[in-house]
Every structure is written in C-alpha cells, then in structure tokens.
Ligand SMILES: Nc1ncnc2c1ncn2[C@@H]1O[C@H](COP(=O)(O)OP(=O)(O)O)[C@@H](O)[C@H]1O
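Okay, so here's just one chain, in structure tokens, the form predicted alone.
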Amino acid sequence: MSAPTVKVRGLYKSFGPAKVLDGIDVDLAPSRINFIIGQSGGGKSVLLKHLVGLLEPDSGEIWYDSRQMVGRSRHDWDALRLKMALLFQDGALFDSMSVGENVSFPVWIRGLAAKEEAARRAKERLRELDMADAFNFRPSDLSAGERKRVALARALIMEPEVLFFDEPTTGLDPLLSEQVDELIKLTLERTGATLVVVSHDIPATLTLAHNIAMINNGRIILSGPPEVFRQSDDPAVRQFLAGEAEGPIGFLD
C-alpha cells in the first residue's frame, strides 16, 4: 500500500456570517502521524469534515496525491472513501449488532465480500488488537477501551490508506488514553497508512506526532514537528501548549 500525500490549499468555509476556515494551507505527510490541534470552536472538526468529503468548501483545494477533490462528484468521493476510514470520537458502534457484525459491516454492506468472508476478515482484525474473544459480544458488554479497539478494528478492515481519528482520547481516563495512544502507534507500524488525528490532547500530540498543524481563528498559525512547537514563541501556541487556551465551545467544532 502506498499512502497518499494529502494537501489543503486556500480552504475557506463560512456558515452564514461565521467564518470558520479562513484560508487553510496544510500538508499531511504520508505514512506519518499528523496531528491537527487547536482550541474548541477553532475549526478542527470542520476541516476534518472537508477532508472526508462531508462538507464542500466555499473555495480552495483538497489534494490526494495528484487528484484535486473539491467539486468532484459524489461518485468520485465514494471511490476515494474506499481508501480511507474515520474512527469516531465515541466509536459509533451499532448496539444492535455483535462485535463481529460491527467490524465486518463496512465490507459486506458494500457488497465486497459475502458475510462469511467478511466475518473471517473481522476475526483477523480483532485478533490483531487482542479482541478475538469478544467476537460474539455486544458493544454494551465492553469497557470503553475495548470499544475503542473494536471501532479501530472496524476502521482497519477496509485496509485504508488514510485513517482519521476524531478526538480519540476525549472523555477517557489517563490509563485508557495511554492505551489509545499505543493503538495509534501500533496502527502506523502495522499499516503504514497516513494517520490524521484531530485532538486537543497536548501530551499525546507532543509524544506521538511526526507533524503538527495548529488552527487558530480559522488559520494554520504553525505547522511542523513537535520540536518546532516546543521552541515557538508565538503567544497563542505557548498558551495552548500550557493548557491555558480558553474559548467558546461552539457547534462548529
């Protein structure tokens, strides 16, 4: 698998009078862990929704390798989505399905394999994440950390080239957060995919990231490896890394 380079150029998005993305430029390196950080309401999740094609920008470009996706048809985006996966903040598992059915769902719902073959693949993904014994369980039978593993297994069953994590440690205690961090590192080692993590978890960002992009007021104010952020004199960066950033929690983030 060859992970793509993802580039965003001049991305603008407003909702009514509220300008959320104000000319975003960012590169997401292939086969690396890329973090997108910023305070609540700053546009992180809106950017994520553009990257997976759920929102159309007012203007700008989104490149996956040599292909510019803004303005493309739903068919083109659906084809691209076969090569990407999104790990939702809360896992978004189906309570009415077993763990095995949850993990195999992306394969058989697209008609890419019969249910028996999809179940076999699901067992493989679960085994890789030490969750094989939970195949017939319900999500309600699992701990929060176990549900994260099942959600990751479901994201990996399509062997994505790009994997997005939406606030993966939000609401977790320190021990579970460390487990999720280990899962992210393990995912890169096993798949070589391009990983994009939207987060405000500063310890995880500085520990895991190969590259970091920080959004502030709809713009990328700093981008680079963790050392660049540790050495930055920018007041907004220093404040955020110190855990002192404050801002309204808005529906747009």
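One rule holds for the numbers: they count along the sequence shown, beginning at 1. Owing to the predicted nature of the structure, the values given are computational and were not obtained by experimental measurement.
Omitted from view is the form predicted together with the ligand, to which the following refers.
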Quiz item: Given that the ligand is left out here, which of 191, 39, 205, 211 has a heavy atom within 4.5 Å of it in the predicted complex?
Solution: 39
Quiz item: Counting only heavy atoms and a 4.5 Å cutoff, which of 217-225, 40-48, 57-65, 27-35 contacts the ligand in the predicted complex?
Solution: 40-48
Quiz item: Given that the partner is absent here, does residue 15 sit within 4.5 Å of the ligand in the predicted complex, heavy atoms only?
Solution: yes
Self-check item: the ligand contact at residue 11 in the predicted complex, heavy atom, 4.5 Å
Solution: no
